[in-house]
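This text opens with one protein chain seen in two forms, each one given by itself as structure tokens under the names structure 1 and structure 2.
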Structure 1
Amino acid sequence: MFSRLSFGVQRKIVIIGFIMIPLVLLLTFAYYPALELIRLSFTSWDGLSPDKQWVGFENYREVFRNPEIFGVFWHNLAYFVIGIIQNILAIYFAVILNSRLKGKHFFRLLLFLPYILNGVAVAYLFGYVFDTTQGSLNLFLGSLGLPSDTSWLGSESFVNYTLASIGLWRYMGFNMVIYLAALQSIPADIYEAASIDGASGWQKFRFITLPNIYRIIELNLFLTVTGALEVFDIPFVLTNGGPAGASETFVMKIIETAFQFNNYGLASAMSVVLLVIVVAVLSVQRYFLNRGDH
């Protein structure tokens, strides 16, 4: 029956048939929940009762007025700072591993490996590294004669940097692979020509490499910014927000608001605010990075 139809109709049926499935999945599991989230953010739903009372912008006012909620973003700053360092390191390693180096495939693999590990497993692993009394880091420092009783996860002043450094260890390899791919797409004859003109290594990096991987830097910064805003698994497993809430991130706060305090409406508003902030930060970043092109 199918074969009796004309080729054009057959093609249309196949195309529509194949597109329908991902579209339906996308709409039911991504767009519908997102719209529902926005609707809930205007209610004071407690997560259980069938009636969802409409409260207008009250939840949004609460998010911005309450320093306990919005102030948490200061903790995310540490992840952003470390994220920048992570990108610089990634470019550095990418440039080195793109040159003629013995065993470079081995080193690439070594640096990329942490990214494959499961996030919760990584967090547990570092729990043993950063343990104050029995942790391997303090034992190592002690054997070098350095102070060996630093409470890495217990100091309010730098607990976020400790946690962010785990993120650096984990994601640096991933950023590096992306940079590496971009570097390999730069034609070698440009470098050759530059060498003939007497350009130094730094000049070649600055005037050839950097402009050519601009788009990729942009992409990686996008990943860093959203990553920094949405950190969750590492602090959740390692410190559970402690000591005394010093390492609580915004996403943890959202989960706490919804599932511990039953303020689903407020938690939805917080999620929407996070979404808006991510979009805003990205727009600003795109604006500044794109100015160079024109």
Structure 2
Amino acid sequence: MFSRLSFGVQRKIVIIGFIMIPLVLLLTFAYYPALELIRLSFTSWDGLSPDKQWVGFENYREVFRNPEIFGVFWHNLAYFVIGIIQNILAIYFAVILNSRLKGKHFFRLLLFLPYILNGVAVAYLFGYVFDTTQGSLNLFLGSLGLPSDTSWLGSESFVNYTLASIGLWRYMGFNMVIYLAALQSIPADIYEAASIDGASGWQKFRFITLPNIYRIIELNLFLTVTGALEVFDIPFVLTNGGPAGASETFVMKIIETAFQFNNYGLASAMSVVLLVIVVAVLSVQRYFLNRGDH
């Protein structure tokens, strides 16, 4: 039957088939769960009962009225700050390793290697680094004659910056590779022409490099923002939200609400709020970056 059809019709059937398969998978495993999540956010459900009581916007009111829920977003601020520093360092190392540096391939591998490590393994590794008594960081500071009894994971004032620094070590190499790929796409003739005109290294970076990697900067900032808002594994393994909830993130609060307190309706509302905040922040970021581009 299929062989009797014309080549054009066969081609259309094959194209539609290849389009429909991923579309069905996308609808089944992405859009339908998202719509179900929104529906559950308007209910009170313990995750077990077949009855889901409709409560309207009560869950959303609870999210914004309860400082123990919405207030944890302030803990994510440290990840934003360290994320900006992470991108600056990534651009810096990408520019250096894009030059004619001896052994640059080894240094590229060395900086990218932390990204392929498992997140839980990285957390346990830095647990030994930041240990108060026998941690390698405090021992190193003591050998330099500096204070060596700092509780890096026990201080409410800077525990989030300590945890965010782990993300800097882990993800900076990934961002560097993306910037490096963008730098290698810039024609070398432009730099040669700038050198002939007497442009300094800073002028080349400002007027040639930055405009040509502008979209890649936007991409990496997108990844940084979403990562800062959705961070979970490092603080969960190392501090479990401590001390006194100072390092608890919004995603940790969602999981705690759902699986510890069995309040799936409120947890769904928190997830929807997180989604809206991510979209809003990224829209503002894109607006300002596009203005800068123009």
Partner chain sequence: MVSRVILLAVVSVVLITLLSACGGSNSNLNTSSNQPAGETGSNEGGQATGEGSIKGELVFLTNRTDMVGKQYTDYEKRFEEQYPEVDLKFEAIQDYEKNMKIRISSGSFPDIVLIGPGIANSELPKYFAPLDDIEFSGDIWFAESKASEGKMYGVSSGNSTVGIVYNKKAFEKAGINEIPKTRDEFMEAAQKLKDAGIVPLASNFKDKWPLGAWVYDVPTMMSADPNHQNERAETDTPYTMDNVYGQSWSLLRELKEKGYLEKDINSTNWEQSKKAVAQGDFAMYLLGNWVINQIIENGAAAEDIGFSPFPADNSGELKAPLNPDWFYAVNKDGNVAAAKAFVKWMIEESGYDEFAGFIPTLKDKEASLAQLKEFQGYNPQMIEAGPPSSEATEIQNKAQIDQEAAVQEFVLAKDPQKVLDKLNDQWTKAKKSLGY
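Heads up, when I say rigid core I mean the largest set of C-alphas that superpose within 1.5 Å between the two forms. For numbering, take structure 1's sequence and count from 1. The shown structure was predicted, so the numbers you read here are calculated from the model rather than taken from an experiment.
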Worksheet item: For this pair of chain forms, which number matches the form predicted in complex with its partner chain?
Response: 1
Discussion item. After superposing the rigid core, is the C-alpha displacement of V279 2 Å or more between the two structures?
Written reply: no
Discussion item. Could you check, with the core superposed, whether the Cα atom of A244 shifts 2 Å or more between the two structures?
Written reply: no
Worksheet item: What is the magnitude, in angstrom, of the C-alpha shift at I21 between the two structures when the rigid core serves as the superposition reference?
Response: 3.7
